[in-house]
Every structure is written in C-alpha cells, then in structure tokens.
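The chain below stands alone and is given in structure tokens; this is the form predicted on its own.
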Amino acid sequence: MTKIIDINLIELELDLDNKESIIRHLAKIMDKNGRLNDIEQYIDSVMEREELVSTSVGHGVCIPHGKTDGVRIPSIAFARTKKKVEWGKGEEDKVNLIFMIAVPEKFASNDHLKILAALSRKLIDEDFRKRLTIINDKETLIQMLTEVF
C-alpha cells in the first residue's frame, strides 16, 4: 500500500514567494511521483478552494487541499519555504510550512476529513511545529510525519 506521504513529497528549502507558484510546484512533485491523474484538474481544485477562504491556519502553517478525480492516490506534499509567504490577507496568514493534500473525489468525505483531523491535532502542538521548522533531514522529517498519517 502506498503511504500518504513519502520522502519524495517533501521540499525543505523551497525558494518560491507566492501561493500559486507553490501550489503548482507541489502539484508537479505529486504528479512526478505518480499520485495524480490530471495535474491541471487537481491544481484547479486547490485554487478554487483557496478562492473560497484562505487555508492558512495560523502559526505559519497552511493546508491547501483539493478533492478531484484528477487525484489517483490520496497524498500529502510538505514544503518549508525559505521566507514566509503571504497566503491570505493578514499578517497572521504569512506561512512557511505548507501541507498540500490531494484526495480522489471518490474518497473525499472520509479520507479528506481523517487527514485534516490528524494534521490539525498535531499542529496544535507547539513543539511539533517548531520541529517542522528546524529539521533539515528528510529521513527524520518523514519519520515524524509518518506517525501523524
């Protein structure tokens, strides 16, 4: 069984400075790793969701997500940006930790909610968030994230 996140879906030194370029970059990583059926359909679903309301959750974290048949395998890509990026309208919406979720439409209700719930529970923990900002080894980070998902 394919894990929801693996080392190939992690980017630790992302040097992009806007929401759309980050979403496109992470979608390309997912696509390159065989997790998408239709990259443009997936990107469109993420961008449509972002237009409704920012997916910034505070503390420098955002969780953009898309539910579409353009997704083949439920997945999470993680990126840490070099600088904080404006994700919403306020100062509290600047982020540098991005968890991008991809869920096939047929699994949308169950998988999507389980992933968001598990991630939200961990993101409340200040120590967990701090570790996300300082770990520079993908192996260590994937071990930490695998415990969540």
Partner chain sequence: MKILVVTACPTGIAHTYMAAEALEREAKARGFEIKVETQGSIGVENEITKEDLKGADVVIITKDMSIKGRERFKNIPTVKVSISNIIKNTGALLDKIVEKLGEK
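Positions refer to the first chain, counted from 1. Computed from a prediction, not measured in an experiment: that's the story for all the values here.
Omitted here: the form predicted in complex with its partner chain. The next part is about that form.
The stretch in contact with its partner chain in the model of the complex, judged by heavy atoms within 4.5 Å, is 119-127, chosen from 78-86, 36-44, 23-31, 119-127.
The closest heavy atom approach of Asp69 to its partner chain in the model of the complex falls outside 4.5 Å. In the model of the complex, its partner chain lies farther than 4.5 Å from every heavy atom of Ile98. In sequence order, Glu92, Asp93, Ile101, Val103 are the residues of 84-103 having a heavy atom within 4.5 Å of its partner chain in the model of the complex; the partner itself is omitted from this view.
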